[in-house]
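The chain below stands alone, shown as structure tokens; this is the form predicted on its own.
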Amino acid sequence: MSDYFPDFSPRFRKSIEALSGKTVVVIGHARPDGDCIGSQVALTRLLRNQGVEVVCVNADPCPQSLLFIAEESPFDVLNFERIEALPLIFVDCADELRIGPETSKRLAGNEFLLNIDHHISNTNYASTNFVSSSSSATCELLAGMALDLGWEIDALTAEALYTGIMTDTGRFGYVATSSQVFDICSTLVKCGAEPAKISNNLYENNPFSRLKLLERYLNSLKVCFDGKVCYGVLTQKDFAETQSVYEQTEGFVDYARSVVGVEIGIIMEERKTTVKGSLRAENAQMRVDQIAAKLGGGGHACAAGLSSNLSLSELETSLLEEVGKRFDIRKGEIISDVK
């Protein structure tokens, strides 16, 4: 028996034991990423092993790069008629609105049973909350509690958990990557997770359209606030002309953050009905989750996002205004030729 989350694991056991023989919904945030899909797939498989019937759903389809963990797992298309009366278990959602605007409205009357997450901005909106803001990923929290409780973790469940941790640590490069992360991942490998296979599916399997879209983003990059901020935009025209899809922007913002001297990197994406913004910071003092919250978003101290009904140009103005407050300086000259 391990002892990764001693404050959570005993309560988690009691919460799950109370669900034996019942049917619950495991739901994650809209536009799911690796930690979301990994958490949903892993928790669904773990709960079913504990005698709990689970419906695993998301408002948006699983990204192509993550099908290797979801294709053979119970991951369903959202069907409101099937789940409207069932209690909900949220994973990787800082608040109940993260499951999508329409979805959150339709499910507002459901019982918010459990909330399992690692975002610092989590609002503790469920009846029982397991929120560890010091954890690198929701999958780290889930894996640690499962190991604490001595639950069996099969190979596919281990791969789902490892995937979530790998993606949310930026391939084990972000500041939240601790010795515990490596210890848990070592155990997941022993359970059957294959690091090379996971890495290949996530990072070595790019469609050409994604690279063309990345070219558009890199060409749009600008630097401001005395070189402390780098941001770029993608328009609907960029998506159409490169024949790419929204999910293919995953990881783009890290290119902006990686520029020498940059403390905050940003991507803004014009979508059909909203504009999405993502922020990444060099250190937690930037609290980009608080910046995103000013415009209806949230997230982590170093990584946050938002969706807005503003136009792309309006969001650019508003977001840069909020970012500028972190530095208390004028935006200054915008430099388009990033070197």
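Quantities reported herein were computed from a predicted structural model and do not represent experimental measurements. Position 1 is the first residue in the sequence shown; the rest follow in order. So that the term is clear: the rigid core is the largest set of C-alpha atoms that superpose within 1.5 Å between two forms.
The form predicted in complex with another copy of the chain is left out here; the points below concern that form.
On the criterion of a non-hydrogen atom at 4.5 angstroms or closer, are K276, A284 and L320 all touching another copy of the chain in the model of the complex? So, no: the whole triplet misses another copy of the chain.
Proximity to another copy of the chain in the model of the complex (heavy atom, within 4.5 Å), stretch among 185-193, 83-91, 111-119, 132-140: Looking at the partner contacts, the answer comes out as 185-193.
Have a look at N206, N79, Q236, N124 for me and say which one sits with a heavy atom within 4.5 Å of another copy of the chain in the model of the complex. That would be N206.
Using a 4.5 Å cut on heavy atoms, which of L97, V175, V245, L202 is close to another copy of the chain in the model of the complex? It is V175 that has a heavy atom within 4.5 Å of the partner.
Spell out, yes or no, whether the shortest heavy atom distance between R171 and another copy of the chain in the model of the complex is within 4.5 Å. Contact check for R171: yes, within 4.5 Å of another copy of the chain in the model of the complex.
Is there any non-hydrogen atom of Y255 lying within 4.5 Å of another copy of the chain in the model of the complex? Because a heavy atom of Y255 falls inside 4.5 Å of another copy of the chain in the model of the complex, the answer is yes.
Give a yes/no on whether R106 approaches another copy of the chain to within 4.5 Å in the model of the complex, heavy atoms considered. Contact check for R106: no, nothing within 4.5 Å of another copy of the chain in the model of the complex.
Even though another copy of the chain is not shown here, does L218 get within 4.5 Å of it in the model of the complex, heavy atoms only? Contact check for L218: yes, within 4.5 Å of another copy of the chain in the model of the complex.
Is the C-alpha displacement of E84 equal to or greater than 2 Å between the shown form and the other one once the rigid core has been superposed? No; E84 is a residue whose C-alpha shifts by less than 2 Å between the shown form and the other one when the cores are overlaid.
After superposing the rigid core, is the C-alpha displacement of E241 2 Å or more between the shown form and the other one? Yes; E241 is a residue whose C-alpha shifts (by 2 Å or more) between the shown form and the other one when the cores are overlaid.
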